[in-house]
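First comes one chain, alone, set out as structure tokens in the form predicted alone.
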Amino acid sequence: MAKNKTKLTARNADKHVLYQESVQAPKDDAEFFAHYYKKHTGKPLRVFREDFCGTAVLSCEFARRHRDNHSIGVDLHGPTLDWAREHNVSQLKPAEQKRVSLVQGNVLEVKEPQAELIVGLNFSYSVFKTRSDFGAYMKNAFNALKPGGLFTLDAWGGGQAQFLMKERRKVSSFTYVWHQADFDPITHDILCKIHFEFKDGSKMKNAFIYDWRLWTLPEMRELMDEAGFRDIHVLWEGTDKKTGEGNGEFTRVERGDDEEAWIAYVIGQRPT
């Protein structure tokens, strides 16, 4: 007889595991970035850098995809990087582990080794609240790229992004809660939280708290231009007609749709 699995509760759950299961899709993302880089540059993507990498699950997945792939994960928080090494890097084959470098450092400063693609995902760059700081990050990313390399940030917006709200979504044996707790339309400061709820009624409140600035697409494009990037463009997520939700398919556009909520990528290229 099979042993009963331990029921997931707020007491025994690991918030990093919950985050990976509810927020991230490393296989899909690794495939998308490899495909888009090849389409845009004509070359295979071999050196990938993940800024604000956290548990580095995407970096690990990229290294797993091909024997010539190398990943660089950069994050300030040492304990999270330690978790990444214990739970994610350790699951790779020995040869794959050698091709993942996790750097505890400031994304404003780390320049080496140069990458072919740098990504800043899950809106983590929103920690920068001034144009000078955000611009400094982009300039450092420019210098950390090989000539011809791509810099990619995800972005979010629409009127719903400025509402105070809670959005719940069931994920296997728990519920993910996205909480927009405060927003200032003058500064665009936004306070967001992630909570997790479990079938036994227990809750993991404030598992993650984000004190951010909600940046707009025009601001991001202007700062990329000032940093030296060229061919700056936007990939817009399509909408599933049945659900009204994003369909995970991104298309290069010159004009976005007026939607309550949207997701996009902003991409710039370092000239060759």
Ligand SMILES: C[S@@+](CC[C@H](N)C(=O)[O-])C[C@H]1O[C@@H](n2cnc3c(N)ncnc32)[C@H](O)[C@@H]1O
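All residue numbers are counted from 1 along the displayed sequence. As the structure is a computational prediction, the values presented were derived from the model and not from experiment.
From this point on, the text means the form predicted in complex with this ligand, which you will not see here.
Colleague: In the predicted complex, which of the stretches 199-207, 53-61, 221-229, 37-45 has residues with heavy atoms within 4.5 Å of this ligand?
Modeller: Every other range fails; the passing one is 53-61.
Colleague: Does the trio D75, S124 and F128 actually contact this ligand in the predicted complex, every residue with a heavy atom within 4.5 Å?
Modeller: All of them do, each having a heavy atom within 4.5 Å of the partner.
Colleague: Hey, in the predicted complex, is G159 touching this ligand, heavy atoms inside 4.5 Å?
Modeller: So G159 does not count as contacting this ligand.
Colleague: Check whether W262 has any heavy atom within 4.5 Å of a heavy atom of this ligand in the predicted complex, and answer yes or no.
Modeller: Close contact is absent here: in the predicted complex, W262 is far from this ligand, nothing within 4.5 Å, heavy atoms only.
Colleague: Might G105 be said to contact this ligand in the predicted complex, defining contact as any heavy atom within 4.5 Å?
Modeller: Contact with this ligand, yes.
Colleague: Given that the partner is absent here, does S22 sit within 4.5 Å of this ligand in the predicted complex, heavy atoms only?
Modeller: No, S22 sits far enough from this ligand in the predicted complex that none of its heavy atoms falls within 4.5 Å.
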